[in-house]
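Before any questions on how it binds or moves, here is one chain, the form predicted alone, in structure tokens.
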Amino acid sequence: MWPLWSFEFDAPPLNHPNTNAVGGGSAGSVVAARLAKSGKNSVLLIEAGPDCSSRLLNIPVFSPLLLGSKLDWSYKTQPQFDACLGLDNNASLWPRGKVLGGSSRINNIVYMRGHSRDYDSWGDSSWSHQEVHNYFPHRTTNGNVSESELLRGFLPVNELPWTTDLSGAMLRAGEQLGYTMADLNAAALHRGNKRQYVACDNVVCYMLPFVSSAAGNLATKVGCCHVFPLFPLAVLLSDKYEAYGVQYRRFGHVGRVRARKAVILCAGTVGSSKILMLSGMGPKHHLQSLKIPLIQDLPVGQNLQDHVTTGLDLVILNQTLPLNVANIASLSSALDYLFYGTGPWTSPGCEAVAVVHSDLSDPETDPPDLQLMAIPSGASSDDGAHLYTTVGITDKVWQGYFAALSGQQVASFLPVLLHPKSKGEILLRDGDPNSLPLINPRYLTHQRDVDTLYRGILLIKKIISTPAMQSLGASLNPNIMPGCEQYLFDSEDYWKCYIRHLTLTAYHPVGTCKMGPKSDPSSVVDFDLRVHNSHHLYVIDASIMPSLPSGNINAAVVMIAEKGVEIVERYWAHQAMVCHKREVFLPSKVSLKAMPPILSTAWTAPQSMFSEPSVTISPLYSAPMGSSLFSHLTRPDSSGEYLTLWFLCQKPVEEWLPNPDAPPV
């Protein structure tokens, strides 16, 4: 028995909500708000982190300061053998938001839908680009967006209100190299480099429209959604794999909360896989080695993929750009932001994006394999005060490569590997829910990944050699990466060594609860996002992606949440369509075709056709349906007539199982 810890809140919403949504990040905030918006569902949103609704968290330029803070899970990968050689312990730091809003609160949001071929490769027509493109909720806005417009449950997408000269120079450089400048979120994405960002995080856009209690309270009520700061431990499952609640911890006490309809995991690529494995659903040998009772042998935690990048402080400019510490700290920048919504405080860092095919991919059949991001600053821009520690750069690399750049104007041109061939895994460290998981992305274990990033370096060299970039005095950072001294600077071997040393995450992990058919041994959830061989248990977040989209993933995560909510609500509506019955005295040999025509019209208005109220079919008379509309059971009654029960059923045939105790038909 778990003790049920009491809270100062209404018991029914806490103890018996329709749905438990675990994780209030980019997906969870959408799921909870959408389910609650109809007013028909009570939702308990379980989030381990605080609310932190302060407007200071929404200032884009200060987002890097939240990395490594108490609002960050501060994950760290296992030591890598083929990558991250210039990082502490050869490990990559993985910031993940531990706050209502998740990583959308601590990471600047670039709005990119990806390429149409990304979704066409997900394995089912219901997730093709044609099917999912309407689930990308956004409205492109020009100029400022009013607060009332922000609070309507969509993502307002803006062009950057303020940029440095680097943005325009990169766009012109692309055109000078023959690339087309276009909207990256057009229906057919091929090449383009026009920059868009989301004007608010998911909490502001989805949750705040329904907030009715003051921030800082124990429970925040969002319409029919109650947000509680609880630490989720595991999903409660019956012997038949039916999810009926969540086990949690708060103030050192363990409790449980039940759900009437569903448990939906939205804890992200790391969190959802961890919770499933702690619940006994994961790789058999792994769970047995930790003495966790096995419920299902599923490949949870496998198929881990991440966008990999490099190129911090790669370019030096001979012109000063206005995005620097002194300018950010100035009073004029604060006033520009507060009164005009412009200035350095609005900068999310990345100012321009390009998505291209290298010569290793086929533009006719493949999605783009490279993304370039231009940032008018670098790890040395704050003289080592904070930025380089958030990446985990070793002291040796800092002193040998970055420290000498202090006081110079640097820019980071980041080539991003969009579709890595290297895949990793997430495993439990032990059976303790407090322990951080073992994250092993296996970066750059496939040579093709290094070759693709090298193509990105070559493209950057072409870009900075254009007249547009030369107008800013752009040149390559001449410092030698420590560990690569044995190679000739600017040679192919040097750059591949550089890539393996300065291997960085783009903060886009996906895939650990892969979506796919049950016949796919690498999949965890089906195309309705239900965990295989379970009932009422869903995963709706980035972890279900079979593969990465061609760009930043936040827009795709919101799309998954929007579509996932519709899938869940459609299933609930289907379950609510119960059978309606009426006893009719008919000869036993009356065939189904001889039924009165009025019964066929009852499909659209069953309540008006029968005198009895609608009831759920009794197990005594459960039997395989005779048709998609009707089923009947016949038995003699005392009058000698035959009593026939005709059922008008709105459930598919396969959901009705024969009852061996039912009388013969």
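A quick note: this is a predicted structure, and the numbers were derived from the prediction, not measured. Residue numbers run from 1 along the displayed sequence.
Omitted here: the form predicted in complex with a small molecule. The next part is about that form.
Taking a 4.5 Å heavy atom cutoff to the small molecule in the model of the complex, the contact residue among Ala555, Ile375, Leu184, Ile439 is Ala555. Of the listed positions (Cys266, Ala411, Met170, Val300), a single one reaches within 4.5 angstroms of the small molecule by any non-hydrogen atom in the model of the complex, namely Cys266. In the model of the complex, the small molecule stays beyond 4.5 Å of every heavy atom belonging to Gly282. Interface residue remark: Tyr507 is counted as part of the site for the small molecule in the model of the complex, having a heavy atom within 4.5 Å. Put simply, Gly271 is close to the small molecule in the model of the complex: some heavy atom of it is within 4.5 Å. Contact check for Ala48: a heavy atom falls within 4.5 Å of the small molecule in the model of the complex. In short, of 105-113, 77-85, 332-340, 482-490 it is 105-113 that has heavy atoms within 4.5 Å of the small molecule in the model of the complex.
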